[in-house]
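The chain below stands alone and is given as structure tokens, in the form predicted alone.
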């Protein structure tokens, strides 16, 4: 099996690559070739894979990734929310143009008779925008309010259309917040949730930019990797015609998250938190209603189970 991962040097990408290699070494997954594509790679990146440094906005680089027929594509690369708002042209070229390059390369492969790739696209709950209804489920209409969410939704439509025409076998997963991101500037406005878990677990004080009552959705990175890998293998007949799925994820308040961190790392955690709500952050990440995901549940996708499990898994090494 030849697997291609875009955004392979990113937070989720590194975790996915580590799992792919570990599963291969353990005999749980056959991996004949692994191609990683990102704008750059850390020095610690494994040499067991082919690395292509550059942007998916470069059609030539994408075609190079498909020189050997690809069986599975995990498309994680993107310009995230805050950065996409500030740098429209960059986000357009990567989030729309880059995705189109990947789809066209997969289409060309299929038309050459070299196989139809399962194409797993990392979409986002940003497609729903705001305000959200009292309950979000499989019938909730997307209404993106940021360029990032709009670009993800447009790409979902392309994935579904290319799947309908038999050029790819695609599935788009609407990912929630993913915890815990490393302490780096990525343009992710939701990074404060990762910071909260990491700082409190280390015994450091933290100022939360929401109220304790702010409610959100999130999953641990191992859980997201589990679901990405499941998406690569789940039978096409288990997927809805539109090929887009809202993933099961935990719904909780920030106060409940602090309680979960305290349950795992000690009651002193409560004394380390200061609440300083910011109107924009509260509006974007603190008004999430309960959700139901019957289509994803039926297809075998799962959430972390409970908040203490999420907290424990969020800080697990890759």
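Positions refer to the first chain, counted from 1. What you see is a predicted model, and the numbers here were worked out from it, not measured in a lab.
There is another form of this protein, the form predicted in complex with a small molecule, and it is not shown here; the text below is about that form.
- Partner proximity in the predicted bound form, defined as non-hydrogen atoms within 4.5 angstroms of the small molecule, places exactly one of 269 to 277, 65 to 73, 31 to 39, 245 to 253 at the interface: 31 to 39.
- For a residue to qualify, one of its non-hydrogen atoms must sit within 4.5 Å of the small molecule in the predicted bound form; all three of 7, 122 and 178 qualify.
- Put simply, of 136, 79, 116, 239 only one has a heavy atom within 4.5 Å of the small molecule in the predicted bound form, and it is 79.
- Contact between residue 162 and the small molecule in the predicted bound form is not found at the 4.5 Å heavy atom cutoff.
- When contacts are judged by a 4.5 Å heavy atom cut-off, residue 192 does not count as touching the small molecule in the predicted bound form.
- Proximity of residue 55 to the small molecule in the predicted bound form falls within the 4.5 Å heavy atom cutoff.
- Heavy atoms of residue 11 reach within 4.5 Å of the small molecule in the predicted bound form, making it an interface residue.
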